[in-house]
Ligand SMILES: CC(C)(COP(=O)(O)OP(=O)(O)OC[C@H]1O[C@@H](n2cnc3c(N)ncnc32)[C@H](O)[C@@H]1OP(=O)(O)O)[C@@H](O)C(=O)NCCC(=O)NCCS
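The chain below stands alone, shown as structure tokens; this is the form predicted on its own.
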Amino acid sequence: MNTLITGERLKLRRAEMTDLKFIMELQYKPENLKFIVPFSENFHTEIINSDNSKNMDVIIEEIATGAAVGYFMLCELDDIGVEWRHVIIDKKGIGYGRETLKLLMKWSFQVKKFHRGWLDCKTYNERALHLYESCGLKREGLIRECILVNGVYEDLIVLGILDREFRE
């Protein structure tokens, strides 16, 4: 079964090879590209074709229409926790980001029983930072000048949440 969890308007499901074009297009949209470092088609192909025990591409899908409206990656799935990477919503401004994040945390902590979840975010992605913090993630640190984008070194803010914080 490909569905991980279902919410009010959205469901999260494992990506399939038929989703690869959507993932690649979403990564390279100008409004998304400035906030992520995209991965190659080969990278995503390997993840989709893997057993998903360590990494997984996930599609965010509207329940009513079956349309893909976003994607993210689950990385380093282990007993301690999970990294949430590339949380990208295509349909912005209608609450899909918030619903996705709540579903993602519910799946991570209630279904998979992870101890912690975390992600990193570019310092100037104010919209995402506001969403993450309003959903309970805490700033854990700053990784200074850790990625090179168009000849400029950029910082990342690390945010995380523990299982007990999610339950509160």
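So that there is no doubt, residue numbering starts at 1 and follows the sequence shown. These numbers were taken from a predicted model, which means no experiment stands behind them.
Only in words, not in the display: the form predicted together with the named molecule, which the text now covers.
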* To do: Just one of 25-33, 41-49, 110-118, 136-144 has residues with a heavy atom within 4.5 Å of the named molecule in the model of the complex, so point it out.
  => 25-33
* Should His130 be classed as touching the named molecule in the model of the complex when contacts are defined as heavy atoms within 4.5 Å? -> yes
* Asked: How about Thr123: is it within 4.5 Å of the named molecule in the model of the complex, going by heavy atoms?
  -> no
* Though only this chain appears here, would Ile88 touch the named molecule in the model of the complex if you measure heavy atom gaps against 4.5 Å? -> yes
* To do: Look up in the model of the complex whether Phe72 has a non-hydrogen atom within 4.5 angstroms of the named molecule, and give yes or no.
  => no
* Heavy atom within 4.5 Å of the named molecule in the model of the complex: which residues of 76-104 qualify? -> Val87, Ile88, Ile89, Lys91, Lys92, Gly93, Ile94, Gly95, Tyr96, Gly97, Arg98
